[in-house]
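Next up: a single chain in structure tokens, the form predicted on its own.
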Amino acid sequence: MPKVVRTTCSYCSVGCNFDAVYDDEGKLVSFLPAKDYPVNRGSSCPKGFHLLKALEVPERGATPLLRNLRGDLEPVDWDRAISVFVERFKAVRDRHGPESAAFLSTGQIPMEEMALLGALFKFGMGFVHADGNTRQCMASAAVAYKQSFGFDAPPFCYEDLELTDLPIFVGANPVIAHPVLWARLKGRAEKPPVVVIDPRLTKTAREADLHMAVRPKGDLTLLYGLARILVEEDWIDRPFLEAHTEGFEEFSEFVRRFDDARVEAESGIPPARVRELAERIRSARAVSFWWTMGVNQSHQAVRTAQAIINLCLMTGNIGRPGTGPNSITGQSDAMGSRMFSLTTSLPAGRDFTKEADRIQTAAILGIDPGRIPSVNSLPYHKILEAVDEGRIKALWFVATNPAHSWIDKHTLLHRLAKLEFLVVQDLYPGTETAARAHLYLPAAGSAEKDGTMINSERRLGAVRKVRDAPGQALPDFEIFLRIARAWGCGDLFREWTDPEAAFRILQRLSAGRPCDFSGIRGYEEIRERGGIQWPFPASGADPAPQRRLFADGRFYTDSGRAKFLFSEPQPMPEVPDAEYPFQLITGRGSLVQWHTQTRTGKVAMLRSLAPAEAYADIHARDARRLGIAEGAAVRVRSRRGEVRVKARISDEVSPGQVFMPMHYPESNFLTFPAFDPYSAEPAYKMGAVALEAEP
């Protein structure tokens, strides 16, 4: 009888499941979307459908590589690789102290591996600083939820897309970025009107009933202006506000300054359109807001996300079916990273700086509390600044490629060259980052190991081994255990024998916390139930397959009330001028490409469905004025660098704007390194550039 192994896709945060089917001889005969999984219901995007193809390529890393005295990477065995790793990191720590090294990790490996990495580095190896590439996509949403609700708690479930009667997408393009979720919305018998707030006429905006083409980073002013109309007209839910929130009176007074003239001047949206949206919200039974990187990647991202949260609170659109301020996470396990990577917090949202939290964490793990740092890590960009200043001497990158993806790439490459020791642990030794490593460690892909991931709707999904890793490549979990033993701290992790044993440890750490999943009996129950949303405590767990938070109006703050948080919009750190007259916007360009194309770029079918070369979308009016033809070579310059790309004449951008997809290495030579003050997330969506046709 054929064998079926079900696993979770490791690309985006939707969390689709796939069934690997084997014949009687154990040969894999098909890899198809799972028809009965509650997330994707037999649907898939092209990336997920070809998940295994990206692992079955000759570019895969099959052995550790160590840079020799000639400057070349040469194969070594694991004993030698681990020995060098330990020797070099210990030397850095002994000479320069516990803040002299850091790791920068990912949102695309299982939660158990993230937790083991963080515990190893901080509790075992004795270092302080660590962050992940979830800082580039989800930090703003996480901080916004934590400040407003008392915990990083996305309140929704995907079912809300099928129950809302007014979905509003802010800085989100699900037709491209989350097509499975878009299909769930558009597949409804009764289709609700769709609103899109986005500077670009994206594919989602083309399908919307109302597209509000806001000026880049004018969204915060627009949202405050919308709130002002709702307050003035008393189109708000006063009983909910009085029973379940705090700070509304101050907020209602604050938004009075956002009159029609100011909102139009700063957002570009005429008063009649703003009022039209306010009236739609007033008339709707269940309003939902959905946002992604267009909000999160901004110099004022947290406050923008909280402006969305405020609109939901003031109208009572939270905790009910079809409602909510709903952040669609970026990477497959970004929420697992947020909860358990030990980068920005102790496990399950505890605080490094609170002694009680350190003592509790240590007791659960059975370690000395003195091993736990009492200070927070530097965020990603501050870690890199510390490299530039010579305070951090060694970096360890795990499953990420910042030499392509990090903002202001010229500066990053300069900093990487200053390191005494750079380790890259990844699927491929040929990434832009791995090519600069002193030591490369070959890792197994998600379909080559076991674990769990948490998707955007808080659903834990099972990751299962479908195929063997090539050569000597190992699961990240096993690499971390080997390092622990060689370092001499293996006893700290004697209970971490395998991913499911680690999962049981994380359950204990989650118990009593808002993200409690201590009631799950193990991996098998996750598979049987089609994934399980947290919270799922050991006692009183709601068995419903779809669950949303805050139905009782009780939040995780000390008062039990949600907070209205707000501040004056800030000007963009870099604006177009006479020398650089265009506004640069970056984002996802195609549903077949993923981030830096480290995986998708190796799949022939996916490559055939997207442009092979970097391009810039330019409005026809600007192209005519500059003498730029469709498909012609064009130079794009910023104060950070200059690149040569193809021109694409497009009505997706307005005059004065240029859009470049993030998937190509050229884009981040141009981006401006601004960061949100609360989340430290990079503001990829803004910057000033100049264009000129190639002679």
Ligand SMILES: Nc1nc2c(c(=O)[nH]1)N[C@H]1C(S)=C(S)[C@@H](COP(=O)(O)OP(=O)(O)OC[C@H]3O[C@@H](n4cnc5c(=O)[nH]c(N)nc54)[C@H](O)[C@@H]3O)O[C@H]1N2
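Worth saying up front: this structure is predicted, and the values here are computed from it rather than measured. Numbers follow the displayed sequence, beginning with 1.
Below: the form predicted in complex with the named molecule, not depicted.
- When the named molecule is considered in the predicted bound form, R588 lines it closely, a heavy atom lying within 4.5 Å.
- For the chain shown alone, Q306 is not a contact residue for the named molecule in the predicted bound form, no non-hydrogen atom being within 4.5 angstroms.
- For the chain shown alone, A172 is a contact residue for the named molecule in the predicted bound form, at least one non-hydrogen atom being within 4.5 angstroms.
- Under a 4.5 angstroms non-hydrogen atom cutoff, the named molecule in the predicted bound form has I176 among its neighbouring residues.
- Of the listed positions (I454, I109, L116, I318), a single one reaches within 4.5 angstroms of the named molecule by any non-hydrogen atom in the predicted bound form, namely I109.
- Listed residues T245, T343, N401, S510 were compared with the named molecule in the predicted bound form; N401 is the one with a heavy atom within 4.5 Å.
- Screening 661-669, 626-634, 643-651, 61-69 for residues having heavy atoms within 4.5 Å of the named molecule in the predicted bound form returns a single hit, 661-669.
- Looking at the named molecule in the predicted bound form, residues S148, T323 and R547 place no heavy atom within 4.5 Å of it.
- Along 416-450, residues Q425, D426, L427, Y428, T431, A443, A444, G445, S446, K449 each place a heavy atom within 4.5 Å of the named molecule in the predicted bound form.
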